[in-house]
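First, one chain by itself in structure tokens, the form predicted on its own.
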Amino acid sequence: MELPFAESWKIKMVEPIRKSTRQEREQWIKEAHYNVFQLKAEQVYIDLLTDSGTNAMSDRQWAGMMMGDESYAGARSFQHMRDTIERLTGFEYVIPTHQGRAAENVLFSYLVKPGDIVPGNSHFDTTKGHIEGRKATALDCTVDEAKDTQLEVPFKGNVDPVKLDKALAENADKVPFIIVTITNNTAGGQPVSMENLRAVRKVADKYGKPVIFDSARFAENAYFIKTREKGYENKTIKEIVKEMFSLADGMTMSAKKDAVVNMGGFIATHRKDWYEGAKGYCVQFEGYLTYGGMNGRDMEAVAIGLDENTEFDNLETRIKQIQYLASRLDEFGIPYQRPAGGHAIFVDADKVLTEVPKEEFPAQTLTIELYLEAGIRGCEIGYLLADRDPVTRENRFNGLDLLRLAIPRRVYTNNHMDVIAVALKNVYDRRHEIKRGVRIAWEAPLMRHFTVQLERL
């Protein structure tokens, strides 16, 4: 008999979590203006808001933190982190930042100007925010297959080369770079194939444009290439990672995801002009060039985490848990973006709450209902996150409306996955009773979903 799959780690420390009553949750979510970002952590039973910075670090990472060099300039820990990044990616120039959005802020301050057009695959919220906040346009060139959540396609995160070529043919003089998000979070944590990365590189070279990878989950993307793309099944994750980054000119990284740390990020590139142009913004916004908003102990943890999480066993354990939750949802017939992605399940709210009008934000309504059901905090990746059109100021309803259940690495067991699945089933079973959603009472002009205040209808 074949042995069942088991985690490639054992538990060394636990943190108590508290169950609450429905009455308590009704009061708490009302006080939070029906925005789960405004809930207190102790008001949440299972927290799936994000897998960013919420992971459990390894014993090697914790040990490394004790060796952190806190020197203001020239810290040994920076050298360790930089050498690890160069070994994995081939990029020799590294600028540390405190997290991914800071990396975008530093690099885009140098590269993005008003009127620019930045094509890519479903730019995530902070990426789009940093582009649109500079009066530029984030142009989505994702493959159309991503729009059909029930379609089983192995690389739904891909850039459509035809759309990309058309964008560059029409606007080449306005395009400072192409950005590819690996994996594609907004489209449901969907991977990008090596074949597609090569196609993007070919189009970029045709028009003389550089390519940047938004690399928060690059290791998970490499796992999918190994397990889904012909010709890569016998390659190591590190070999695949090196090949991926050979097709880019630079990267931004939120180390809070695939480096499995609580805080950290960086820019890496082989272009000295980008390094020279961006480093002043690091000093202005983040800190000196050898710490950039991170402690020495953070940089040690990043270096170790990058090395550990580019090993197959670590990634397989993580992604198998996502697949386990997906299998439970399949039992209950709950629609989600298929196939399951690398870091989260994305429930298709438009297919669940069919009687809630899009103007009343079905995915946000589903997020609220799941919290009320069991104290589980997910995150809306949909019409609220999409923000308003910068020109017309109308809500953007042209994308998917998803409830993201992001699973922190090495934090929850499959028993927690069972609770999540059953809680969602309970909401799904009474879906036809949910006919009204929410409306906006107050919103920020950019990246509104973090602070928006809502009213129930």
Ligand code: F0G
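In case it trips you up, residue 1 is the first one in the sequence shown, and so on. This structure is a prediction, so every number in the text was calculated from the model and none was measured.
Same protein, other form: the form predicted in complex with the named molecule, not shown, and the subject of what follows.
Residues placing heavy atoms within 4.5 Å of the named molecule in the predicted complex fall in a single listed stretch, namely 215-223, out of 110-118, 133-141, 277-285, 215-223. The named molecule is not drawn, but in the predicted complex it has a heavy atom within 4.5 Å of residue 100. Contact between residue 93 and the named molecule in the predicted complex is not found at the 4.5 Å heavy atom cutoff. In the predicted complex, at least one heavy atom of residue 104 sits within 4.5 Å of a heavy atom of the named molecule. Contact annotation for residue 78: none of its heavy atoms lies within 4.5 Å of the named molecule in the predicted complex. Taking 124, 177, 371, 155 one by one, only a single residue has any non-hydrogen atom within 4.5 Å of the named molecule in the predicted complex, and it is 124. Taking a 4.5 Å heavy atom cutoff to the named molecule in the predicted complex, the contact residue among 52, 38, 395, 426 is 52. Scanning 230-257 for heavy atoms within 4.5 Å of the named molecule in the predicted complex gives 254, 256, 257 in sequence order.
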